[in-house]
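Next up: just one chain, as structure tokens, the form predicted on its own.
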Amino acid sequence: MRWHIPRSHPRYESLMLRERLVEAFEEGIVVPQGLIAHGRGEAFDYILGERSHEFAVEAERVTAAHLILSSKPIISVNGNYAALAAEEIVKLSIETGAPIEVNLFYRSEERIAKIEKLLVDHGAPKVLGTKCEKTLIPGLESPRGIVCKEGIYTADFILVAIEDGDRTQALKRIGKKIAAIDLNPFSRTAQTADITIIDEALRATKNMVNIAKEFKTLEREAVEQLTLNYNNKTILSKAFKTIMQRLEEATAKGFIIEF
């Protein structure tokens, strides 16, 4: 790391994540557009107080349950997600038994290979990407519709993070159940997903690793109960209300939100 960021800095964790992304950009894992996307999400995280709210944890618990219960789950990983949370993604895959597929909007075989290596270096036993049998998601033009046949294409439950709205909608059209990590509750991905985790990607994945460990101590029936009566519109509504409350509090006080 080129810059020393003191742990005493009030936004130490956020600045460290920025550094991870910059380093991953220089290594060819993250594209320039990914840096812009991170900044947009970070703005929402600022407003939400850079913490996991109750509505996020509820969505994380339901997502972890589906990853464990589904017959063919998959964790879809792009450059930003890998750069931010490679170690935690691998832990989540191991704890839930859900395999990992590298799937990119700005696709190149070179980037896929680099992300595969990053995940394998962090202990992933298998990563679908460069060597899998490819097929296309119907309705998506260009290489961004390419997926692994044994992965996303045949999966019944897909966890995506920082994902393109068009692709999320296309996956929904072919019957996939989607959980999405997305700090922007206004995005098409957040609005389209069956489960929306409005939380920062690293924080959300760490939470789900711990939740999955907890669930492994429970009977299957108990985990199944957790998925019943989940309402994503309620989760989105709670997120919107929290954003409004935080802004109203800041407006009333006349100064910036304290962290």
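A residue's number is simply how far along the shown sequence it sits, counting from 1. Please read these numbers as outputs of a predicted model, since none were measured by experiment.
Missing here is the form predicted together with ligand ATP; even so, the following discussion is about that form.
Exercise. Answer yes if any heavy atom of Ile29 is within 4.5 Å of a heavy atom of ligand ATP in the predicted bound form; otherwise answer no.
Key: Although ligand ATP is absent here, Ile29 would stay clear of it in the predicted bound form, with no heavy atoms inside 4.5 Å.
Self-check item: Close approach of Leu84 to ligand ATP in the predicted bound form, 4.5 Å, heavy atom
Solution: Yes.
Self-check item: Non-hydrogen atom contact Glu60 with ligand ATP in the predicted bound form at 4.5 angstroms
Solution: So Glu60 does not count as contacting ligand ATP.
Quiz item: Is Ser76 a contact residue for ligand ATP in the predicted bound form, using a 4.5 Å heavy atom cut-off?
Solution: No, Ser76 is distant from the partner.
Quiz item: So which of Ile162, Ala179, Leu104, Cys148 gets a non-hydrogen atom within 4.5 Å of ligand ATP in the predicted bound form?
Solution: Looking at Ile162, Ala179, Leu104, Cys148 one by one, just Ile162 meets the 4.5 Å heavy-atom criterion.
Quiz item: Of these, 49 to 57, 220 to 228, 186 to 194, 65 to 73, which stretch puts a heavy atom within 4.5 angstroms of ligand ATP in the predicted bound form?
Solution: Within 4.5 Å of the partner lies stretch 186 to 194.
Self-check item: Contact set, 14 to 40 vs ligand ATP in the predicted bound form - heavy atom within 4.5 angstroms
Solution: Stretch hits, in order: Ala37, His38, Arg40.
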